[in-house]
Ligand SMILES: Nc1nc2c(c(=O)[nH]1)N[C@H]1C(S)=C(S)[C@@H](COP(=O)(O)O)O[C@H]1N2
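Just one chain is shown here, as structure tokens, and it is the form predicted on its own.
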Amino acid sequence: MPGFFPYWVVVTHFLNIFFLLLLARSGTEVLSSLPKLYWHDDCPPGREWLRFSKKTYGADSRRVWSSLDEEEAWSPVIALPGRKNLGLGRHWHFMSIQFWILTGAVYICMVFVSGYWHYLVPTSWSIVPESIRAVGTYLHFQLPARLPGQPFEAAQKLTYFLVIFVLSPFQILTGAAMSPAVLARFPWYSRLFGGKQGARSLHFLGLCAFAAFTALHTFMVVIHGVPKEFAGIVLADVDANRTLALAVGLTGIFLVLVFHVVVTVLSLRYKRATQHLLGFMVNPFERALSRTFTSREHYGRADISPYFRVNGYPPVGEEYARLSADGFRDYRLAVGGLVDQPVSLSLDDLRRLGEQAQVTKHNCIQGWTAVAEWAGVPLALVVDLVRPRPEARHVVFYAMDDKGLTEGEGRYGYFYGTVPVYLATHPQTILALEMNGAPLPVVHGAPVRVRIETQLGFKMVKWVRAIEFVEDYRDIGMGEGGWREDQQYYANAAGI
């Protein structure tokens, strides 16, 4: 049987602390974009079960509002990087989760290969009453006896088992239940957690459980004796030099805190470099997910949400107002670029290509969801019509809204988005012309908006004025693949 704290336990223990803190802070940044938690995927405004914001908006509010108004700018002290940087927060979160899962996988392998599992896995239900008695002993300000032949008392062993083999997998599973690519291909999966909002709420509660465990675990280290506990945790030997163990342990904690201060400052100061560096590690996985999963969503009309949030404000200016006032009869969608047959299509021209209706769930990058019926022309039919050339690898959607006028906050330029050609030909990728059996409302993107059901909402460009097939999106805008990617440092791939 192995010793109490093998060195692989010491190393993975430290890495676990390191990555969990990254996950907690970056997850807090993600939460700040929609600091409200729901149990139902309709996300009715004002019906959240928990919120961390003083802002309140209602479905019947007299003042027009956008889901972007619900965002909070939380302090970099708690959020990574803080100050309303959802794109960078997601980059940090998805980078950290890969390494945390890898650390956990190595740990689990070593646990069973080395025989260490005897210390962690209960083999009898008697562990439950024994744990209760151990807790009672602690409440009487006494230390319970260890289990025979083991380094832990019953409550410790049961807690470690639950954290390692229950809580950690639970966080991974609820995290996956929030991915639009996964949910579009396997709609049944989110129902295991009560829908995406149920998964989001449970994921938050899992974070709270980790925080509570960390606080309790730290408290237990203190009452058992910091120098003695550090000798085992840091030097893998409870009889090692305790002064050295304390110095090494406190130095490690200090370096972790310094790392967080440094990466927070650098992330806020050098946002583009942070986007590129973290994207290098995250984007390939997201693109693989988007390429692998094809949407197969089939909700019924009874599932349509009574309220569907609006993200962003409609275009302003005389041209759009004139088109809207005339029912978009003079609207033309220009489709060109690297194609053999450029076209300019009216709404009637688009309808004549063929129509398709689908009831699907919208997944906003902020975290809210809603179900609606969308009807329009499959984008694959447009692709067939214009016949892209072999070198055309990306599709660019140009919108009519100037974000400098409709959104501000120091950002500028007309909105646009890009997707790989293979996403444009997915069965449930359409140019939507109708919503819930009526003409597409202005606030939801009239006259034309893109629907790509395996992607997050910001890739579904609204108020589309033109489509261009290009070889490389790096020649468009700031070269990041979309307005949000350019201006807010979002990932170009949006499958998770």
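Source: prediction; values computed, not measured. Residues carry their position along the shown sequence, with the first being 1.
We do not show the form predicted in complex with the ligand, though everything after this point is about it.
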key: Exercise: E229 in contact with the ligand in the predicted bound form, heavy atom 4.5 Å   = no
### Message
Just checking whether V310 would be counted as a contact of the ligand in the predicted bound form - the rule being heavy atoms within 4.5 angstroms.
### Response
yes
- [ ] Determine whether any heavy atom of W92 comes within 4.5 Å of a heavy atom of the ligand in the predicted bound form, and answer yes or no.
- [x] no
| task | Considering only heavy atoms, tell me if A134 and the ligand come within 4.5 Å of each other in the predicted bound form. | result | no
Partner contact check in the predicted bound form: of 220-228, 75-83, 400-408, 329-337, the stretch with a heavy atom within 4.5 Å of the ligand is 400-408
Between the ligand and V121, R146 and Y160, in the predicted bound form, does every residue show a non-hydrogen atom at 4.5 Å or closer?
no
Exactly one of L431, L31, L37, M460 comes within 4.5 Å of the ligand in the predicted bound form through a heavy atom, and that residue is M460
The listed residue (V382, A199, V282, C364) that reaches within 4.5 Å of the ligand in the predicted bound form by any heavy atom is C364
Taking the ligand in the predicted bound form and a 4.5 Å non-hydrogen atom cutoff, the residues of 317-332 making contact are none
